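Consider the single chain below, provided in structure tokens and representing the form predicted on its own.
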């Protein structure tokens, strides 16, 4: 009972940390150069986009519905998936992030970040001209069917009847679970909770931080993170009912360490629900 109470307190403390989260600052810190420099092969954002593109184009990931777990205020993680799935659902715990996503979806030009360079880069990965980016943006807007609240620490993270009874065909989650969990057991449980949203045999594409103990979610907003290593990621996936297909690791060069976190690497995992 005490353990359960401690766990609830840890989760509540994490939720309190996020009340001052600033989507505009977060995007500035992580989604502009040098971390998002499309002229460099060793920049972190192009690496993430390449991992997602490759995973979605190997022929084994398919279906109707893709759900993005903890979208934050970002869209890059869906730019390859919108070509594979007819329906995409975005989710986030914070209303400020859902609002940011809605602004892009409504195309009123009030977004905090210009996603055009991202769209151009993914077009290139797909063998298209970068100038085809408006079509990709239109496709992404067309397939996004909802933006929903989520709590990955609940045994049912989404409201009942939100998804088809069979579950989603694919989940994507980037930098969410380790940065909203107070410790490694909570991270593993969250992986198990979102697994319930996925149909048996469906895929999980998971991107996360390695060796990170904190990041800034806005000026002076220091948010604790579970510092993961590769072995812990693999063990947590297995314990949560996934079979790992592939794990890839990116190590941050010195100039990618820009003072907004202490991350040392990023992992990309492609896994399948047992």
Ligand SMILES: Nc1ncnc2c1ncn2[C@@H]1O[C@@H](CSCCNC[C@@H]2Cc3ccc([N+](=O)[O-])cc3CN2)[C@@H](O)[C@H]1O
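Everything numeric here is computed off the predicted structure, so don't read it as measured data. Positions refer to the first chain, counted from 1.
As for the form predicted together with this ligand, it is not shown, yet the points below apply to it.
For the marked spot (80, 136 and 197), a heavy atom within 4.5 Å of this ligand in the predicted bound form is absent from each of the three residues. Of the candidate stretches 227-235, 53-61, 207-215, 241-249, only 207-215 has residues with heavy atoms within 4.5 Å of this ligand in the predicted bound form. The contact with this ligand in the predicted bound form, taken as any heavy atom within 4.5 Å, belongs to 93 out of 85, 104, 115, 93. When this ligand is considered in the predicted bound form, residue 97 lines it closely, a heavy atom lying within 4.5 Å. Residue contact check for residue 44: one or more of its heavy atoms lie within 4.5 Å of this ligand in the predicted bound form. Within 4.5 Å of some heavy atom of this ligand in the predicted bound form lies at least one heavy atom of residue 261. Proximity of residue 202 to this ligand in the predicted bound form falls outside the 4.5 Å heavy atom cutoff. Residues from 154-186 that approach this ligand in the predicted bound form with a non-hydrogen atom closer than or equal to 4.5 Å are 175, 176, 179, 180, in the order they occur in the chain.
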